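As a starting point, one isolated chain is supplied in structure tokens, in the form predicted on its own.
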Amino acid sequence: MSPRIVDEVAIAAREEEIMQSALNIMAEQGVAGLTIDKIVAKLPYSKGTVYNHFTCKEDLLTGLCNRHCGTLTEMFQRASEFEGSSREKMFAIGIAYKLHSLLYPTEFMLVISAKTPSVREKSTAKRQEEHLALEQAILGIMLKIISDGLSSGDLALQPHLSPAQVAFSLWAMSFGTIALLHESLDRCTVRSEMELERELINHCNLLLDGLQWKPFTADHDWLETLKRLKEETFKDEVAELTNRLSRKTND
């Protein structure tokens, strides 16, 4: 292995260490509690070394958000390859998003922080460009599913709707439902009576039925599709969540 490759591996490992330390701090103290000084205090690196990787706290937040989007893109891609109808694949996108939010709760909420002007304006151009590219990749996967639905005749868009609008509405619905019902958040009385997976499925089917995307809710066994997704497409993620729950229970 050449010295350059060794250096690149070491740099990537150090950057991962910095991001993980930041996540640990945010898990305990929130985004507002994160500072570069706190990260340096937990790592065997100088502040200058941390700044060599991230120019500021905001640049680090965007980097974390990009890592989150990269993992999410990979899960969305697997959802799009599910053996089923185009609507089942779009349903799988929602399930992928839910599982990802449970595996990475802190990163999930960083999407909001990355969109704020204070973070966006201070992040480097490189990270901002990477973020936009990842968003395009995510939307691209959804647009391909929508295109497949149109080609198969399962979906026929009304004249005032574009595929991009449909993709965005599905993405927004999934994010909003998960954000409001996520188990890591305090809930008001009404929300406490709702269960994340059930409501995500309900909202997904409400929206897809409204778009006249076949097969309709009443014409398909969506619990069977959910079972297949958990046992096949996302079996590793389900296993990891099960292991975490087991460890938490034993603790």
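Since the model is a prediction, treat every value here as computed from it, not as a measurement. Throughout, rigid core stands for the largest set of C-alpha atoms superposing within 1.5 Å between the two forms. For every residue, the number given is its place in the sequence shown, counted from 1.
What comes next is about the form predicted in complex with the DNA, which is not displayed.
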Point to revise | Interface residue in the model of the complex among C69, L34, L207, I201, criterion: non-hydrogen atom within 4.5 angstroms of the DNA | key: L34
Review point. Of L226, A27, C56, A41, which residue is found within 4.5 angstroms of the DNA in the model of the complex when only non-hydrogen atoms are counted?
Key: C56
Exercise for review: Indicate whether H182 is a 4.5 Å heavy atom neighbour of the DNA in the model of the complex.
Suggested key: no
**Study point:** Residue contact check: Y51 to the DNA in the model of the complex, 4.5 Å heavy atom
**Key:** yes
Check your understanding: Taking heavy atoms only, is F216 within 4.5 angstroms of the DNA in the model of the complex?
Key -> no
Practice item. Check whether W222 has any heavy atom within 4.5 Å of a heavy atom of the DNA in the model of the complex, and answer yes or no. Key: no
Point to revise | C-alpha of T217 moved at least 2 Å between the shown form and the other one on rigid core | key: no
Check your understanding: Is G33 one of the residues whose C-alpha moves 2 Å or more between the shown form and the other one after the core fit?
Key -> yes
